[in-house]
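Below you will find one chain, with nothing else, as structure tokens; this is the form predicted alone, and questions on how it binds or moves follow later.
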Amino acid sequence: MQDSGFQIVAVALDADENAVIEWATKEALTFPVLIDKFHIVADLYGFVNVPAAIWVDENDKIVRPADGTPGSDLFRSFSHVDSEVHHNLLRSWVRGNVRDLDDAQVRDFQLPPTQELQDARLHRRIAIALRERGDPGDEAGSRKHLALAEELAPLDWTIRRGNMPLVGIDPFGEEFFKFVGEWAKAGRPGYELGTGRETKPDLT
């Protein structure tokens, strides 16, 4: 869809720049990859997990809010989202300016963060800043703020899962699946939006 002026910008929510560079240079990507180690973009646009996407038009207007949008069906059994549904919605918007959500629905889907979540995000940013500084003793302070962030936002993916590699935990290991169980038991918060809610196929 490049002939339509369509542009992809990827944002990696990783604190490890080398890991992002290794991934981004493995393939001959034709779009820029930004590193958002402080989760500034994620917080501003309401990303709750990856992969996710947000559509912004040529006038900097959000026309589809942040939503889980897998590029393939690799994790379909978990996400319950058919990637082709999103692809078709995207093509309709880019090619024909046809939107599945109007402005009011876009606003409704953009949930403002709670004070607890804002505080949790602040603690995580402090933790990353301490790691970046690298002074002796900063590691303990960083871990303290990461733990405080998790206490305040125990079901937030970008915080809970994002913190795991920072403290030596496998983000696909036992602790991750324990978190997934807690999140599922709580009703899968954060996955009520867009494609995940309106066009999710029944895979039960």
Partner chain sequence: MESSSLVIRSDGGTSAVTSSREFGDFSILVSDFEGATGWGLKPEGLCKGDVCYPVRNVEELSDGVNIDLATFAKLTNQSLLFDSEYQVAALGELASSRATSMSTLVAPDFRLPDIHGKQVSFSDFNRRKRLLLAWSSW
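Positions refer to the first chain, counted from 1. Only a predicted model underlies this, so the values are computations on that prediction, with no experimental measurement involved.
There is also a form predicted in complex with the partner chain; it is not shown, and the following applies to it.
Under a 4.5 angstroms non-hydrogen atom cutoff, the partner chain in the predicted complex lacks G173 among its neighbouring residues.
The partner chain is not drawn, but in the predicted complex it has a heavy atom within 4.5 Å of A19. The shortest heavy atom separation between G141 and the partner chain in the predicted complex is within 4.5 Å. Although the partner is absent here, E58 is a contact residue: one of its heavy atoms lies within 4.5 angstroms of the partner chain in the predicted complex. Relative to the partner chain in the predicted complex, residues G5, N97 and R125 are all within 4.5 Å by at least one heavy atom.
In sequence order, L90, W93, V94, N97, D103, V106, R107, Q110, L111, P112, P113, T114, Q115 are the residues of 87-115 having a heavy atom within 4.5 Å of the partner chain in the predicted complex; the partner itself is omitted from this view.
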